[in-house]
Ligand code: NAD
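Just the one chain here, laid out as structure tokens, in the form predicted on its own.
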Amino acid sequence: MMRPCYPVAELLGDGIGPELSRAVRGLADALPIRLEFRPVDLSLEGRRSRGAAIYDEAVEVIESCRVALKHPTVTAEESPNAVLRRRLNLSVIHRPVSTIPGVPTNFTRPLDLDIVRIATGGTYDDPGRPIGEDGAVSLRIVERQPVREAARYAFNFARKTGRRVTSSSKYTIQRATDGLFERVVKEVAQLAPEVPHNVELFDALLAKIILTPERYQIILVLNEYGDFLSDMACGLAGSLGIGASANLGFDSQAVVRVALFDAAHGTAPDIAGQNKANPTAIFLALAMLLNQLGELTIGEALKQTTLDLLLEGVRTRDLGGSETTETFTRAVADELRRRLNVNSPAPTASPPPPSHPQP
């Protein structure tokens, strides 16, 4: 029986990016499906040599595949993440953050959040301008459409998972912008009466998550708030560098049109090329990608295998273990193959990605 085959855009990056790409491809050989990786070189060298044409290629490949896995990239002349979000109209970011066994943390309470963040607007879309010698101003932009898309996604996700939604903003102070956000969320909530929904002021929410994290599951927020909340939650979970996220664009029927998955961490140039990179985050990103493809059993098996091995002490050095990038990847792949009853490695579906000098 032929295995299902899925095309996946792979956006190559900088620093530890090439090592993570090799880890992903090695892990893909353990799956009972084929992933046909279609690489695009978004490294700083690639961007400088090809300019805007590299983004044209990336957009074309991503739209063709409909799913993409992105490795960390240097932000130099521009942010590749920001460019791709704008070019692909990726209006929503989904960042799961939970306590991960085997990751040391100062926060002892269990945490299990799904942060749904509007990826556009706020003050991030306006760099601002000075006013005279002693002042400056920037516009805060909130638009109905991305709020609606994020709210629909959050409530649909809640339906599927049996979780509750908390929307949070400063609607009592930012009455025009945050008030519009909460009104649109309420309109969507009325279409899903079976989903529990409550509203929290954002500053109070931050304190309440620390005091009673079990009260919160799916949190729906505007752009800046989602940025702040994601980093705080990752800090509570123990690391900014082990989380994954989905960047989502929707069609007119609120169905995901394109999805880009990436690791939350950076390029880590200090360990690049040394076989020390921790591939946990990119493995969790790949698990999210598999779920988007409809391969829910395989995606969950990949996520759980990775987390179980961390709990058992199979960890890279940054988490207090002794594994290298390669040995951790091999351990996850071997255990995943056992759990999914894949008897032997399948042929690699795509040629290895090009290597390039580190910037």
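The structure presented is a predicted model; accordingly, all values stated were derived computationally and were not measured. Residues carry their position along the shown sequence, with the first being 1.
Quick note: we don't show the form predicted together with nicotinamide-adenine-dinucleotide (NAD), though the next part is all about it.
None of 92, 222, 286, 277 but one reaches within 4.5 angstroms of nicotinamide-adenine-dinucleotide (NAD) in the predicted bound form through a heavy atom, and that residue is 277. For the candidate set 98, 75, 190, 138, a heavy atom within 4.5 Å of nicotinamide-adenine-dinucleotide (NAD) in the predicted bound form is found for exactly one residue, namely 75. When nicotinamide-adenine-dinucleotide (NAD) is considered in the predicted bound form, residue 262 lines it closely, a heavy atom lying within 4.5 Å. In the predicted bound form, nicotinamide-adenine-dinucleotide (NAD) sits beyond 4.5 Å of every heavy atom of residue 326.
Taking non-hydrogen atoms only, residue 16 approaches nicotinamide-adenine-dinucleotide (NAD) to within 4.5 angstroms in the predicted bound form. Of the heavy atoms in residue 174, none are within 4.5 Å of nicotinamide-adenine-dinucleotide (NAD) in the predicted bound form. Checking 213 to 221, 195 to 203, 67 to 75, 106 to 114 against nicotinamide-adenine-dinucleotide (NAD) in the predicted bound form, the stretch whose residues place heavy atoms within 4.5 Å of it is 67 to 75.
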